[in-house]
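In the form predicted alone, a lone chain appears below as structure tokens.
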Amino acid sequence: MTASTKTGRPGLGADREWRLLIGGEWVPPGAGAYPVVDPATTEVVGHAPEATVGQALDAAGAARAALDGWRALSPADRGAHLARLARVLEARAPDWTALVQAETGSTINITEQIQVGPAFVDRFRYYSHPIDLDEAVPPLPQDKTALGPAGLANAMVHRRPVGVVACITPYNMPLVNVAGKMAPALAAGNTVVIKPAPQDPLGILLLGEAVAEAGFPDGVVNIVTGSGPEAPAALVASADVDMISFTGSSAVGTRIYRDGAATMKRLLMELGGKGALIMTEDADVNAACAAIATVWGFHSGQICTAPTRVICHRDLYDRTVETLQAFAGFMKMGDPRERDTIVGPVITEAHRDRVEAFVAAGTAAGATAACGGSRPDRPGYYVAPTLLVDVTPDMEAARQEAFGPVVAVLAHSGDDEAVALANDSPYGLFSYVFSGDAKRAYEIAGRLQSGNVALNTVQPHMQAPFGGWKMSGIGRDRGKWGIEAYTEIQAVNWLAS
């Protein structure tokens, strides 16, 4: 039975008529609706509104019309709106758990803690506190020139809002990701148009209801949804949009880069990853493998920071493979609504097919599936945690992102080879070093072509700048760097005589 013919569960989104948020009004979609499918059951969760290109452009125009009033507010006043939104979300978002879990396929623990939990709400609360980004340039004595008299040159460097920001978000962490975009963008004085991923947009429409309840002015936040590329492409091309904040694949990112050039779009792009985890010969194998396993099954491997390339010393290779195999055996795969489930489904049938094709291509090239590699016998779009060994650096399994629960293990003979293997990738988002020597691990980190490196942990610092090198993206978010990303620099100069 196809997904579109199975009925949704009452109480989720199947019985709602969802609409677009444009200029403070809930607008019927101009192109009908399309089904949103629960990847664990293949049932229809609800029917999301299909925006027309014209409606996407209307949303950009509404954001443009609201811009002057919003950026004229003081940072404290804008922060007060964000603080109210955080309070509304803290009260309302837990009620979204069943819907957001159904459309994302995330486990109950991930849904409660991250998708609709503190990780989501705290991003609004953090940026509700004004962050002073202005700074004075030291005075400079200036001799008389053809341009003017002598004096003391002074300057202030200000961060001004970019303007209208189109936030194009991914399916894996839809609410957390959009919070990480819209909160700093709004705090900086920008207005936004949100275009969520087509697979799971309903929670973001609920976020729109919370925005209205928090009292944001009409047009400051707009939401358009759709199943195809036409609406986001229109936003990228629109002269009303000044900046694109995009999280997704490197392939789509390169198209946004190209198409946005015509209007010189400002860009913040967090793209693909192929995280390398280096283990030196004195690494704690159990600790490293436990850390790998934590991310291996996390949201079924649909996380761009996952350490999917384990580059371990040859002396540790066999023990590392055996330990990872053992961890795979403890990762329960099943119904994401059950508390002890670790690995739920991937987002769609098409994505499951892509992950399976990735594994098949790896084994065809000479890699061995030490575990996983076959489709589980159960309904839904499941991929078993898969460990590829006998992997060589030239294989696609070592170079491309599966975005699923697939880990490849490579061997190295020393730090130089380990660094070379880690850097031999088109990506550079998040890397890891596990070593018994903290100084050595820190020095290895300095040689890695990666925007982020974690030492003896896979836990990130949530206020450290986050972003990638090479094909992993442009710019940084989180912390004060997140708000800087949504500003332009303006220097104001004057001469004191």
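Keep in mind that this is a model prediction, so the values were computed, not measured. One rule holds for the numbers: they count along the sequence shown, beginning at 1.
Separately, the form predicted together with ligand NAD exists; it is not shown, and the next lines address it.
- Contact check for F124: no non-hydrogen atom falls within 4.5 Å of ligand NAD in the model of the complex.
- The closest non-hydrogen atom of R159 lies beyond 4.5 Å of ligand NAD in the model of the complex.
- Although the partner is absent from this view, Q142 stays clear of ligand NAD in the model of the complex, with no non-hydrogen atom inside 4.5 angstroms.
- A residue is said to contact a partner when one of its heavy atoms sits within 4.5 Å of a partner heavy atom; W70 fails this definition for ligand NAD in the model of the complex, lying far away.
- Proximity to ligand NAD in the model of the complex, defined as a heavy atom within 4.5 Å, holds among P232, P345, P201, G180 only for P232.
- For the candidate set G219, G272, G260, G372, a heavy atom within 4.5 Å of ligand NAD in the model of the complex is found for exactly one residue, namely G272.
- For the three marked residues, N172, R255 and F466, a heavy atom of each sits within 4.5 Å of ligand NAD in the model of the complex.
- Here the chain stands alone, but in the model of the complex its contact with ligand NAD, taken as any heavy atom within 4.5 Å, falls in 399-407 among 134-142, 73-81, 356-364, 399-407.
- Contact residues in stretch 287-304 (any heavy atom within 4.5 Å of ligand NAD, taken in the model of the complex) are limited to C304.
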